[in-house]
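Only one chain is shown below, in structure tokens, and it's the form predicted alone.
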Amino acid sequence: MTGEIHNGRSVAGDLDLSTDVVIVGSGASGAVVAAELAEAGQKVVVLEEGGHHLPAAMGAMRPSESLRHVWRAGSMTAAIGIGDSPVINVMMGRAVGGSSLLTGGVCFRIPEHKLVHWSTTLGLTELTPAKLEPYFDAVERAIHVETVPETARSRSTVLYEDGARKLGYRLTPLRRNTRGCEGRSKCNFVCPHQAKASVDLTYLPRAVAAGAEIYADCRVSRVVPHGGRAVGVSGRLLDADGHKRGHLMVRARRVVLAASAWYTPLLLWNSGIGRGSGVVGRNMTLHPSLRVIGEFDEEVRGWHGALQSAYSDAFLAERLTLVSAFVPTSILAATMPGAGPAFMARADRIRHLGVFGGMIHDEGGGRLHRGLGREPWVTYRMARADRAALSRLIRILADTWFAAGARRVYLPVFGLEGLDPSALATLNLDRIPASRIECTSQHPLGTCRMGTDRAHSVVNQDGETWDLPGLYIVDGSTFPTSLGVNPQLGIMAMAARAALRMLDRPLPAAV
């Protein structure tokens, strides 16, 4: 018996369902749990706030269309910097498949030193490298994680590597969940050839084939408790424009939240769950990221090649990871400084630009707050060491471009023109207010962290909330610290582990 993907906007009136398990969120974590539980014979309903778009239709969208239909808030969601901290644009998906649709496909396992820290210092004894390895293996097979061949590197990445080699460090090939990548550098706007094995092409079809029912256009507002345990969720159906329609009620024997580190805390707050720990919505890590552009005399045409193909951990001791990236030219042009004819002249040289980026392994300065409406607002106070790392990261990237032969560099500093080597040498990056530095993130983590006691954490090692039995959280909000690398694979492996733990326990009786 197969399931189906339903458009909630087409449902007449209210929607009232009963199931074994209801999962809120259809992204990387929710899709994994849905497939594992449905294939084990459990009746599964998945609720997604965003719409359902066919892969080919999403791949054919222009970046502006993708921002409107697939990205949350048109990619205008941000963490507001406090003190000497930047505003950080946080990019998230809002569609069946979630942010999995919009990643560059980069797949890192959770670094071993992080798992050792979690399992020893933090007492999370079930999260050792050896115990998690089977879950990493299973997910990597399911989404076809492969090493990016050097032949797939763009000229931008090749030039950067040349500069890195001259400065004494090297690049390592990335691993990505791709099959047949043609190197169009459009991964962040849904692959036009379905070569990226996002969950809409992997885990969600498995879940549907096993009988799971997926409902798009469903905004869940709270968890429903009864008799001291979670028994369902309630909310509203949405129309094509995101406006409220009918009421939504799903009764379930087990409830799973996979709404992201940004939105899962809201569901807990609305439901009165987790207040005792005092950590719901706190400790958000973001991996603040930035990119530096190098301009060359030669034509680079950096969009010919894999969007992300190589990285360097040469500066891991400084909590920095360097990663290649090249966004679509229309997006890249919009980041160039100036206006009018001066801007057009710079934009006309897009084919001469190389791009390389990096991220900071931050200490968790983000915090969610209730907004006046449904959306939260988030503040972020960067630790002093992280602010210093921000300047260091910019300097490393710029110096490497000059070593590669760039004539000038464009730093991610609002209002700053392109710099030649002498101008960069005299620039004091530490004196530039962090509010002028352009930062992004796709990696919010840690707002409902896992722990060994209810006083300092939200969920136990199985992902079940301390406050309400039968309620599980499986997204990146449970991570106790940041990772310093892209978290997609880690989130999926942890979700696979949580699903198996659920299957080890019989479903409660229906209410």
Partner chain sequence: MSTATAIAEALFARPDAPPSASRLAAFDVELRLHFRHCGAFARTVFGLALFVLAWLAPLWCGRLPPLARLPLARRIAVLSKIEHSPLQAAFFAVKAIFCLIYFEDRGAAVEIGADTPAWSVRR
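Positions refer to the first chain, counted from 1. Computed from a prediction, not measured in an experiment: that's the story for all the values here.
Below: the form predicted together with its partner chain, not depicted.
- The contact residue chosen from 247, 226, 395, 436 relative to its partner chain in the predicted bound form is 436, the criterion being a non-hydrogen atom within 4.5 angstroms.
- Note on contacts: among 389, 350, 404, 429, the single residue with a heavy atom within 4.5 Å of its partner chain in the predicted bound form is 350.
- Proximity of residue 186 to its partner chain in the predicted bound form falls within the 4.5 Å heavy atom cutoff.
- When contacts are judged by a 4.5 Å heavy atom cut-off, residue 243 counts as touching its partner chain in the predicted bound form.
- In the predicted bound form, no heavy atom of residue 454 sits within 4.5 Å of its partner chain.
- For residue 379, no non-hydrogen atom is located within 4.5 Å of its partner chain in the predicted bound form, even though that partner is not displayed.
- The stretch that touches its partner chain in the predicted bound form, counting heavy atoms within 4.5 Å, is 55-63, out of 41-49, 478-486, 55-63, 28-36.
- Remark: none of the three candidate residues (152, 158 and 357) comes within 4.5 Å of its partner chain in the predicted bound form, counting heavy atoms only.
- Residues of 64-85 lying near its partner chain in the predicted bound form, listed in sequence order, are 64, 67, 68, 69, 73, 74, 76, 77, the criterion being any heavy atom within 4.5 Å.
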